[in-house]
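Only one chain comes next, encoded as structure tokens, the form predicted alone.
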Amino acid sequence: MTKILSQIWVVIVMNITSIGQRIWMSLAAIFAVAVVVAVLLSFLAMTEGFSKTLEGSGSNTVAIVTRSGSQSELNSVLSRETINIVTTAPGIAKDANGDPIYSPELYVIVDGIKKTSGTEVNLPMRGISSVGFELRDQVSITSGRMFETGKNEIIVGEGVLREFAGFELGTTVRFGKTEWEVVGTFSTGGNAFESELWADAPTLQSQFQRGSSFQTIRVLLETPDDVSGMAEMVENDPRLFLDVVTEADYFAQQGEALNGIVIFGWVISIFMSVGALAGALNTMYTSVANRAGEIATLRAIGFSNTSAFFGTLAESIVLSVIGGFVGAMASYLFMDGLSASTLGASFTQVVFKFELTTDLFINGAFLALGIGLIGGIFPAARAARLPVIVAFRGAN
């Protein structure tokens, strides 16, 4: 056994140190694997960043109430009467005066211009109260001040400021026939709320002619994750046709829409992997052909078939690992932290950042190893089965 391991090690070292003699074919194989890994990681980084943006938006201490069957806040409509009934439900936390802590919110769409493309997009504008502001975790005014009640004033999320033109502090923006002054900017720690414009809810209702209706209610729960009291009341009251979930569950459902993009990324990568496999196979078959004389000599002096097999396989894996590393570094340098926006469930833009995690790098490493293993195993088998006399003829 020791002799075989020693032979394998000698052949592996010999093959790897002679890669420079096959430099262009080797570089082609490395490039093919690098492209495949970079594409896969870019897709996964996009979905990871988008998912984390949505997951970070939801709290398990807050419940969100929408009209039953609404796929998004935009599709929901709640009357003032409904809100008055829901806020009497058990399980809602009370303030020092014994009043339920809740925030009825209006959600409308306004126009924005994307900085990168200059195209017109939909942006969400939310009408909230001071309670709604306090229900958001990590929220803070980063410049300027909070809007005043009764005035056409808005505060702008950091994501909107970063991705869309015309929302700088102190500017006046026009939506339809109304003008709004940007009096502040806010951050919510990078979650989806940073993709929104916030204004005083009654003022927004008046300017957008929404009467007394809202889209959603957010309530602070007495016990985190427990919406059973509210859900039971909604189920037993024939006047209510509502869905009640925690905010965390609501945004998790919104994030499931990205599963299709994840699958698409893997499908594209697998198709591209076929090309990378072809490159790896070509490189390794060429390597075996170029080293026919070496293989014959080694076999003639007593080296086993096994050493020829593992030596060739190791070369393929090393080239793929290098390609995977190059692809991962390219993806990290150009994609990690990149800010972008895409259409969310409410047909409005959600600003997010590409995020490469350790788990994603591991996925890329497995893909590179798979290409190296499959791309090397057949040429390795050929090297192991190559008769000595044929190898000598090939070398000549």
Partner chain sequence: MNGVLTLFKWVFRIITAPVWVPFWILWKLGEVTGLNAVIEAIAMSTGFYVVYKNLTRKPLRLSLTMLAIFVAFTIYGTLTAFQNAFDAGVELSADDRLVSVNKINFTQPLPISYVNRVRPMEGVASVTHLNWFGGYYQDPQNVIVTFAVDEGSFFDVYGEDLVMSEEAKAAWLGNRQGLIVGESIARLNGWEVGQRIPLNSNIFSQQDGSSDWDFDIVGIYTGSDPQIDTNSIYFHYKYFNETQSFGGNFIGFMAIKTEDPDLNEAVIKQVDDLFANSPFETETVPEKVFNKGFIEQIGNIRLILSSVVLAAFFIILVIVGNSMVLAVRERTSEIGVLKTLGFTSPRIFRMVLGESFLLSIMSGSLGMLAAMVMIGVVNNAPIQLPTLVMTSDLAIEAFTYMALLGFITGIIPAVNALRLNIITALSRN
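None of the values given here were measured: they were computed from a predicted structure. Numbering follows the first chain given and starts at 1.
Not pictured, yet referred to below: the form predicted together with the partner chain.
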Exactly one residue in W266, F175, F133, F325 has a non-hydrogen atom within 4.5 Å of the partner chain in the predicted bound form; which is it?
F175
Single option in N282, S206, T246, S129 placed near the partner chain in the predicted bound form, where near means a heavy atom within 4.5 Å:
N282
Counting only non-hydrogen atoms, choose the one of 36-44, 53-61, 326-334, 360-368 that falls within 4.5 Å of the partner chain in the predicted bound form.
36-44
Do heavy atoms from each of I12, R162 and F193 fall within 4.5 Å of the partner chain in the predicted bound form?
no
Considering non-hydrogen atoms and a 4.5 Å limit, does the partner chain approach F167 in the predicted bound form?
no
Is there a non-hydrogen atom of A381 within 4.5 angstroms of a non-hydrogen atom of the partner chain in the predicted bound form?
yes
With heavy atoms only and a cut-off of 4.5 Å, decide whether I141 touches the partner chain in the predicted bound form.
no
Would V351 count as touching the partner chain in the predicted bound form under a 4.5 Å heavy atom rule?
no
Sequence order please: the residues of 105-124 with a heavy atom within 4.5 Å of the partner chain in the predicted bound form.
V108, I109, V110, D111, K114, S117, T119, E120, V121, N122
